[in-house]
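In structure tokens, the next block holds one chain alone, the form predicted on its own.
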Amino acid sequence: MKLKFYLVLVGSFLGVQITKAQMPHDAIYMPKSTACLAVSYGSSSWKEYWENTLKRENLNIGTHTTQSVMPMIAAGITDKLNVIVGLPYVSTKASAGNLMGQKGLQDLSLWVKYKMFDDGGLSLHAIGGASTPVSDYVPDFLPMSIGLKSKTATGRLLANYQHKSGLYLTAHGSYSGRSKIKVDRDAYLANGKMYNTDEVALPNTTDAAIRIGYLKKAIQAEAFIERNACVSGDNIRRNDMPFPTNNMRMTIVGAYVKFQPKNIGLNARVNYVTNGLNVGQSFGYSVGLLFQINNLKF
């Protein structure tokens, strides 16, 4: 969980859901010497997908479902500097056909979030992240793969305004670079060309989001819209399987709630892909358990 961005980009094919508590896309921080341990279960499924711009079904897949278990920890190094680490276990399955689902640990992610400015309710944040695969899963088996097995690096700027009533507005924009991967074939077609190699260059990606919500004491609730897109890439060929070089784009709407009166809390998220390119039109949800740890010594 690229922590957030990488998984969301391929989420309509891979369906990974992310628990949100002091995450790389919000303005919430753990105080110095405290940490929040979160464990979430997520599920996402789709029956229709966009093959290039054509929306269609595939009777050899039926309904595609991805499930995940995501342990994550966010720690306050200082009041303005947080570190977030996560590692999801992901499984995929199809309700029809003979494509075998995959399962296993996916990518270890590390994020650093720093509050650059905070005055009069307005704050600005610089966020950086990186991820790397931790298991030998197969990336060239979309949509049944559990990931793309690429190392990623992400830079993000985030702005937040919070009114004294508890209402807030958050916006962010990101750019993510992805490393080349190796596939189990001697040659492949991409971007209308034949490449006689087992090395595949993945398109880099961008994401942006706007969130409006309420946060006060034990309660947080928000609605959001997100846009995730590759900056280049090709399209799924007619009646073919997707490939890691595909230009995946999607718009996601959803809602998130959290209740944490003391050290233990709960959160939940729902999201739906309203439109896309080379992705599935998925509906997903996640539920998580939060536990705050105080008086840590680093």
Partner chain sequence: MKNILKSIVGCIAFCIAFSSCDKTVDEPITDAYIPASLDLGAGSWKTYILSSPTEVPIAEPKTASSAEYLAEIAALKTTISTITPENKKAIKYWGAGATYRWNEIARELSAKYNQPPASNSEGKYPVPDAANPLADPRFPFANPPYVSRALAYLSVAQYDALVSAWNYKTKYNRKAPSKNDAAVSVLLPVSDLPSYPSEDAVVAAASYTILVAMFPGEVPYLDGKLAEAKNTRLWAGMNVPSDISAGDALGKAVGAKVMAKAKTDGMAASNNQALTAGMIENAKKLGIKTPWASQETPARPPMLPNFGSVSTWNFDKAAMIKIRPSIPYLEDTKEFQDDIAELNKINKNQTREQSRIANFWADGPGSYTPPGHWHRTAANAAFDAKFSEVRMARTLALVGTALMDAGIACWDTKYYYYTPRPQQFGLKTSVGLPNFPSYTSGHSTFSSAAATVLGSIFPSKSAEFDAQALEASNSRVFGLIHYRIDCEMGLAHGKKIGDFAIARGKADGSGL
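Numbering follows the first chain given and starts at 1. Treat the numbers as computed from the prediction; the structure is a model and nothing was measured.
Quick note: we don't show the form predicted in complex with its partner chain, though the next part is all about it.
- With respect to its partner chain in the predicted complex, the three residues Y137, F141 and R238 uniformly fall within 4.5 angstroms at the level of their nearest heavy atom.
- Its partner chain is not shown here, but in the predicted complex it comes within 4.5 Å of a heavy atom of T154.
- Contact check for H163: every heavy atom lies farther than 4.5 Å from its partner chain in the predicted complex.
- Mapping the unseen interface onto this chain, G120 falls outside it, with no heavy atom inside 4.5 Å of its partner chain in the predicted complex.
- When its partner chain is considered in the predicted complex, K193 lines it closely, a heavy atom lying within 4.5 Å.
- Proximity to its partner chain in the predicted complex, defined as a heavy atom within 4.5 Å, holds among V112, L124, I219, A171 only for L124.
- With the partner omitted here, the residue from A208, M100, V85, I212 that has a non-hydrogen atom within 4.5 angstroms of its partner chain in the predicted complex is M100.
- Figure note: of the listed segments 163-171, 180-188, 68-76, 222-230, the one touching its partner chain in the predicted complex, with heavy atoms no more than 4.5 Å away, is 180-188.
- Contacts between stretch 202-228 and its partner chain, counted in the predicted complex as any heavy atom lying within 4.5 Å, involve L202, P203, N204, listed in sequence order.
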